[in-house]
Structures are given as C-alpha cells and as structure tokens.
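We give structure tokens for two forms of one protein chain below, kept apart as structure 1 and structure 2.
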Structure 1
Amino acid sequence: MGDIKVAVTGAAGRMGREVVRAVIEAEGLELVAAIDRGCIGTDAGELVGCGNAGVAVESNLDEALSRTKPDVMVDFTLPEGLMGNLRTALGHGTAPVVGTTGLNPADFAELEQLSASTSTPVFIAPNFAIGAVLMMRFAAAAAKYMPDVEIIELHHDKKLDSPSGTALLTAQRIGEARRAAGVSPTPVPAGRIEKAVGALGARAENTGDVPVHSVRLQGFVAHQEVIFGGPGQALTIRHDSIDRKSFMPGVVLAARKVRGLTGLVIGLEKVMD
C-alpha cells in the first residue's frame, strides 16, 4: 500500500500551517493538496519552512479534490464554512478529519446521513492533544467519587466559539460517568449558570448540569481546568497546550486511522485504543 494522500483545508491559517508541516514530516502521509483563500500560488512546503513540496496553495476545494483524489481531508477552518467543506469532501469519497468546532446537533445528524450514503467515515475531535484526552478520562473517573465539579476553559482571543468543544465534551463525559455511578452533584443555585445574551460561558441546555466558564484573552493557546470539590478537599485536573504543535500527533494519528472507521466518530480517544 502507498502513502495516505492528504488534503489540508485552511492551510495558510495558524493551525493549518502546523498541519501542513506535520503531514509533510509524517511517515506514511503524503500532502497532495493545500486549500485556503490566502497565499494562493505559494508552495505549501515553503509556506511552513519545509522546502518545496510541489503543492501550491489553491482556493477551490472541489477542483483540488477532483484532481488529487486524496484519501483524507484535514480541516481546521472557520465554523461558517465547515459544513460546505465536509459536504464537498464526502461527495468525493474523501474522509474528513475535523478540528474545527462549532457544529450543532443538526450538523451532526446530516454528517451521519452523508457518511452512510457515501460509505465514507467522518472523524471529529474537539481537541487533538493526547494530554487533553487523558484529562477527560481522569475527569470522568473522578466524577464517580466527587460529583461536584466546574470547568474553566481558557483560549486565545481569536477563538470564536464558547464554551469550547473540549469543555462541552468533558462535561458530557462527566455526566455519563455520574449517571453510570448513580451519583448526583449538589444542585446549582438558581441563576448560577450564565444566561445573559452573548455571555461567555456555560448554558445549562448544552452542558447538562456542569457549570463551564470561558476565558478569551491574548497570551493563551488552549487550556482547561476541571475542578472537583468535596468536604474539606478539592481536586484540580488541568491540561495546557502551550504550542499548537501539541495537537499534531493526534492529527497524524487520526489521518492514519480514519479510513478504517465507520460512520461519524467523535473524540480522539476513539482512535487511541
């Protein structure tokens, strides 16, 4: 078998450049297309300091996929264009590996249908850092014994969605663990969850009963604290991504494994085991 052919959308962005570099450097992966609305015509390898890769940045995703026929498309773009990219990729039988967050339940339902109708898997991870996956596992384990918990997530000021996809998935995992263990948290006082229109932070309707607080400031990349409280004690589980390189081992792992999946798969832990 030859190398896995990979297209990268959002190739000229901050995350996209790291993905391009990681694909070029990874054994068994071949960069065949780089798509972005900026830096058109620039060689993708030269753009990220890896030398000439023979792949110029282009803007038309449909044309790029038709010509290069990649096995996998890695997408780190903006939420407003994501579903269009995924529909295009699935129409070409290209398996998406998605790091862009901001999808809603209707989007997930559509992706499940498209994945089934095209027999093409879709992989989505709110966080590609392996340490973040371990943080969620540890949090789920702790929630069985310390059900009172809140999440603080801190990201750079350019992140558009809030709460983060990682925080929402962590809250989901905590809720599942508490239900399985038959334990419940102390009820949150009325008005405790942020409800103001446009407010950063949790809404009870999408985080269950796990309060989440969002910080958006310069100087951060991606950070999360899961804070458990109990009589006379507190437990904090924290993960810090201080460089976008922290996400690349997970991206490479997903690109290598996505074609062996079936349907819509969410969470890096699904390809780690």
Structure 2
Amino acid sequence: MGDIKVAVTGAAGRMGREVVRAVIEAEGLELVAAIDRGCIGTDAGELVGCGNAGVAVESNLDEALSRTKPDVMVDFTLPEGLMGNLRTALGHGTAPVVGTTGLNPADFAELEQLSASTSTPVFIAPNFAIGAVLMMRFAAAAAKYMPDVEIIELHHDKKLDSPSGTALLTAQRIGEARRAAGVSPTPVPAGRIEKAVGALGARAENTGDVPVHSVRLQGFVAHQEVIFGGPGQALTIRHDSIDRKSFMPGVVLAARKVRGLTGLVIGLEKVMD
C-alpha cells in the first residue's frame, strides 16, 4: 500500500506550519498540497525549515484537490471558511481531519449528511493533544471513587473564551462518570462560596456541578489541573501543552486512521484504541 496523500489547509498558519512539518516527517504520509491565503508560491517545506518539499503553497483548494487527489485534508484554518473547505474536500472524496474550532450543531448535521452522501469520512477533534485526552479519561475514572473535584485551567492571555472547551468537556465527562457510578459530590453549604467583584469566570456556572477556575496570563500556553479531594488525601491530574508540537502526534494518528472511519467522528479518543 502506498503512502497516504495529505493536503494541508491553513498551511502558513501557526498550527498549519506544524502540521506541514509533521506530515513531511511522518512515515507513511506524503504531503501533496499546501493551501493558504498567504505565502503563495513559497515551497511548504522551505516555509517550515524542512528543505524543499516540491509543494508550493497555493490558494485555490478546488484546483489543488483536482490536481493532487489527496486521500486526506488536514484543516487548521479559521471558522468562517471552514465549511466551504469541507464541502470542497468531500466533493472530491477527500477525507477531512479538522482541528479548526467553532463549528455549530447545524454544521455537524450538514457534515453528517455530506459524509453519508459522498461515502467519505470526516474526523474532528477539539483537542489533538493525546495527553489531554488521557487526562479526561483518567479524571472520569477517578470521579467514581473521589466525586469531589474542581478544575483549574490556565491559558495564555490572548485566549478569549473561558472556560476552555477542554475544561467543559472534562467537566461533562466527570458528570457522566459520577452519574453512571451513582455518586455525588459533597454539597457545598450555602454561603460558603465567596463572590468577589471582578472575579467573573473564576467559578464558571455552565459546567454542571464541577467548579472550573480560569486563569489567563502571559507565560502560559494551555494547561489544566483536575484536583480531587477526599478525607485525608488529594489527587491531582495535570496536563501541560507547552508547544504546538503537542498536537502533532494526534493529527498524524488521525490522518492515518480517518479513511477507516465511517461518517462523522468527533474526538481523538475515538481513534486512539
């Protein structure tokens, strides 16, 4: 079997450059197209310091897919153009691996339908860091035995949303695990939670009964602690993304596995086992 042919959209962006490098370096993957709005005509390998890859960055996705016929398209662009890219890819029978965030339920419904009508799988992961997926899995396992838990998530000061999507998903997984095990957290007595002016978002309200504290400071990339407390003991599960490289093993894994999936599949854990 030959290499899996990969196109990268958003190839000149922060994540896209990492993806281009990861695809060039990964065994069994071949970079065949690099699409972006900037750096047109520059060799994608040269752009990321890997030497000449023989793949110039170009802007017309439809033309690039017609010419290079990739098996997979890895997309790290921006939400506004994402659905257009995905419709184009599916029209060519190219399976998308999506890292771009910001899709809504109507988009997911359309993708499910398009995936079925084109018989082409679509894979989406809100977090491609394998360590973050393991953190959520370990947290869900611990919640059965230690239901009292809080989350602290720490991100760079440019991150606009809080709590992070990963914190929300972790809280959801913990809630599901507690319900499945029939355990509940110790109720917090009324009035015990201090409310300080200006501390908005310090304790998020949309995370079920798992308190989430959001820190936004220079010096951080993406970090999360899930802290469990029980009589006489505490357990901390912590994940740190200190570089965008942390997402690449997950991206490469998804690019290798997506053609074997059916329909729309969401979440890195679905391709990890």
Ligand code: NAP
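These numbers were taken from a predicted model, which means no experiment stands behind them. Definition used throughout: the rigid core is the maximal C-alpha set that superposes within 1.5 Å between two forms. Here, a residue number simply tells you its place in the sequence of structure 1, counted from 1.
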If only one of the two is the form predicted in complex with this ligand, which is it?
2
Which angle, in degrees, describes the smaller rigid part turning against the larger between structure 1 and structure 2?
18
Value in Å for the CA shift of Gly232 between structure 1 and structure 2, taken after the core is superposed:
8.4
